[in-house]
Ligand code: NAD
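First, one chain by itself in structure tokens, the form predicted alone.
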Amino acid sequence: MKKIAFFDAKPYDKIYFDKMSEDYNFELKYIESKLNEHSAVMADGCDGVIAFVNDSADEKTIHRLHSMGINVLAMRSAGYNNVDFKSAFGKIHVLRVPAYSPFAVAEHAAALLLTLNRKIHRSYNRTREHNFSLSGLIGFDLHGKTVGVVGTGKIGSVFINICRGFGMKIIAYDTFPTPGSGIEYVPLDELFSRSDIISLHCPLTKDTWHLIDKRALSLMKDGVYIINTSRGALIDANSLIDAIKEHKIGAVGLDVYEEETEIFFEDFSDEVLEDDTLARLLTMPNVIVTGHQAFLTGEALNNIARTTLDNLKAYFDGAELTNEICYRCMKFGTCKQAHHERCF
């Protein structure tokens, strides 16, 4: 039986992984701490590691794991910008869950949009205090509005279909447009200037870091709505706050935040929030922040557990690793995977 160190374990993770792990002959060692260079020692004696999107798999962490004889890291997420692939190459195989439920994330993006537009969060708080006034709760019809979708992969495509159901006009930007999709692709600056609503569904790379910054915000319509369920660092938070204060932005829905690593997924309800930028965002009535919960549906959690365990089984069985990501893949775009081999 293979023993796997499971970092940043939450109660909802255990529900879905426990009911499947015996089928794979794995013993899961649940560790509440996030993976980093210091906590990595808790994986000593294990055969592999399962980590999440806010764990740190930097150079020192990779070295520590490898020195303990661990050669496989299974990310139970689609995102992997927290992994130092250059350090991992040749030492630790990195696997991920490329898709668990595009519907979950896309539907959450739509929920943020609807809540912000119709002021559901504000009316909920009012009625609990027996205040049934409608002042300040005016929204707008989504029908006929233009939504700009950045990234038209699986999640972005589902979000587009949802928006089509509302009768919205769709424009999109993607470095790899989907042929035959019927989507109107436009340059990024044009998307910024034409959109009433902008929703981000792209990965975080060196090219998309602070995709929405002061310059991008200056191109947008007054009163634009911005939704981000992808990666926090796609948006320069300080420039965003300035634009909100200047009434350039109508509303913002964030499920992610650039400095979320030590905050999201944890309970700080009895403490003073030390992140001043996030604290300012949380005070604004036209901003909704959710704690990276867009993926959190039963279907998604089930798929995450199944794919993560399948990835580990394939590794230990010596099978092809279809969900492996490596330094060569990222730097050159091709590697041994193209020949149905492991990356190293």
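This one's a predicted model, so the numbers in the text were calculated from it and none came from an experiment. For every residue, the number given is its place in the sequence shown, counted from 1.
Heads up, the form predicted in complex with this ligand isn't pictured, but that's what we're talking about next.
Only one of 60-68, 289-297, 273-281, 24-32 places residue heavy atoms within 4.5 angstroms of this ligand in the predicted bound form, namely 289-297. Remark: T261 does not count among the residues lining this ligand in the predicted bound form, judged by a heavy atom distance of 4.5 Å or less. Although the partner is absent from this view, G250 stays clear of this ligand in the predicted bound form, with no non-hydrogen atom inside 4.5 angstroms. Although the partner is absent from this view, K154 contacts this ligand in the predicted bound form, with a non-hydrogen atom inside 4.5 angstroms. Of the heavy atoms in C202, some are within 4.5 Å of this ligand in the predicted bound form.
Within 4.5 Å of this ligand in the predicted bound form, a heavy atom is found for all three of P98, V105 and D255.
When you look in the predicted bound form, the only residue of D196, D174, D213, D84 with a non-hydrogen atom within 4.5 Å of this ligand is D174.
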